[in-house]
Each structure stands twice: as C-alpha cells, then as structure tokens.
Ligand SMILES: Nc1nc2c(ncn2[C@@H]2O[C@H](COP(=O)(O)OP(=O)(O)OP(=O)(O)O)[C@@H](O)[C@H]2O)c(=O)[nH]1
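Consider the single chain below, provided in structure tokens and representing the form predicted on its own.
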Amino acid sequence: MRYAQLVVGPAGSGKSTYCSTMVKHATDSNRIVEVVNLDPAAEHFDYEPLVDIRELIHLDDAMEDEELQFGPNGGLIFCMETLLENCDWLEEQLGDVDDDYLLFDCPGQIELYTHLPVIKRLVEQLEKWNFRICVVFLIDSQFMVDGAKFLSGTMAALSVMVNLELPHVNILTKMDLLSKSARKQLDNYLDPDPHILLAEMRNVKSRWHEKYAKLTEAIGEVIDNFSLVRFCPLNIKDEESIDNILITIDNIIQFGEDADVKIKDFDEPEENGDE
C-alpha cells in the first residue's frame, strides 16, 4: 500500500509552504515524505520534488504556443490534461515502492477541484497504482474572519468534497499571521454555529444580505444539520499544531497500520553467582 495527500486549495492558500513544512517535520521525526509538484506554473518552493510536472510541460509552453494561444487558466487545464495523457511518464517517475508517502502539490486553480473532471481522473489513476489518498483542502485563515466569507469558503470546501469523493481534511492556514483579536474571532468558526454567523451577517447593512437572507440561512442550516464541513487550524510555527494535522491525516489513510509490530528483545538478567 502507498499513501498520498492531495494538497489543494485556492491560489495563495499556502499549499507549497504546507508541503515544505510537512517534509521538514517528517524529517525531524525520522520519516520519509516526498513531494510531487503538479503545478506547471510554480516558480519557487522550499522542497526538492520527487517528481516535477515542469519536466513534462510548463505553463509557458501552453501560453506561448502560437496555435494554442491559451491564457493562464486555460493553460493550466491543458497542462493537467497533458499529464493525464502521459500517465506512463508519471508512473515511471513515481516508481513502485511500498509504503511511499507522497504529497501532491497541486495548482491553485480552484475550478480544477470544484467541478472539472481533471483531478478526479488523476485520483482514479493513483488509486489504480495502489495509493490510499486523503484530500487536504487549504484555505487562508485571513479570508475566514467574517460570516459571509466563512460560508463562501465552506461551500468551496464542500464542492471539492463532492467532486473528488475522497476522505477530506479542511485546514485553515496562516494562523501564525493572525492578530490576537482575529484569532479569537476565528475560534467561532472552527466549530461553527450557523445561527451566530447569520446573526452577525444580519447586523451588516447590505442589500445583498437582506435580499438573500433566506438562502444564506438555508445554506447555514444544511452545513450545521449534516455536519458536512469542519476546519482544522494550522500554525506552521507550532510543532504540536503540525503534528496534530499529520496524525489526523495518517489516521484517515490508515498509515502504519499494516506495519509489523516491532518487539524488542530484552537480555535475561544475569544470575548472581554468590546466591
């Protein structure tokens, strides 16, 4: 069995930082975790990728082609479709080693995960290669400090969950960048009460909120009644926070459960010859 985290989320949510943080934490814990870069537009990251899609195709290749003439969004989709057409290349690059633990650092184009079939097809291919996968959806905590934005981020996370149909962990990143007051406010959203959120939104004078109050309330009730979405906070400067996230994901994908139990041999105590 092989294990993987599919690290997804909007642009700027901290996907590459998350991957480099997890690699460093794993190294300090004597674990081997590798990263696969699936972002053809990536310019810089702090880890050495095991596989890099840019060796197959770069976003500039799609955008500068005189026949294709793609923009950034169309170019990213084209690059991911090119990857799927070259699955043999990806399989060869990944190798075939049991107990692999890989982080797939994905592009920041949210529609790749919310409704397009590209990433879903990639997931199906990875499962054929014996990967047990957990989706890690990242969203910037600085974006989630009021009711309207929280509901928006929650619906994006829910869309990814429905589209990919995999075990799923939602993470609020960049907690270390929040002020104390914003961090205290964010605590209300980690285990949200939609009634409190809706009350906050009603206090905001906005034609939009007034016109669509019933729709917003219905969305909040669905999220609450079915416990569909919860968020885990991540502070990359706190080792305990990092460890909690990793343990949660390891439990979901059952990492280590197939390992043999290690039994330590104890030396028999020497008998005292004087007795």
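Computed from a prediction, not measured in an experiment: that's the story for all the values here. Each residue number is its position in the shown sequence, starting from 1.
What comes next is about the form predicted together with the named molecule, which does not appear here.
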Site for the named molecule on the shown form, pose borrowed in the model of the complex via C-alpha superposition, classified at 2.4 angstroms from backbone or C-beta (3+ atoms blocks) as open
TL;DR on 146-154, 94-102, 170-178, 74-82: the one with heavy atoms within 4.5 Å of the named molecule in the model of the complex is 170-178
Note: exactly one of Ile236, Val33, Ile223, Val51 sits with a heavy atom within 4.5 Å of the named molecule in the model of the complex, namely Ile236
4.5 Å heavy atom contact, Thr17 and the named molecule in the model of the complex
yes
**Asked** So in the model of the complex, does any heavy atom of Gly12 sit within 4.5 Å of the named molecule?
**Response** yes
Residues in 34-68 that come within 4.5 Å of the named molecule in the model of the complex by at least one heavy atom, in order, are Asp39
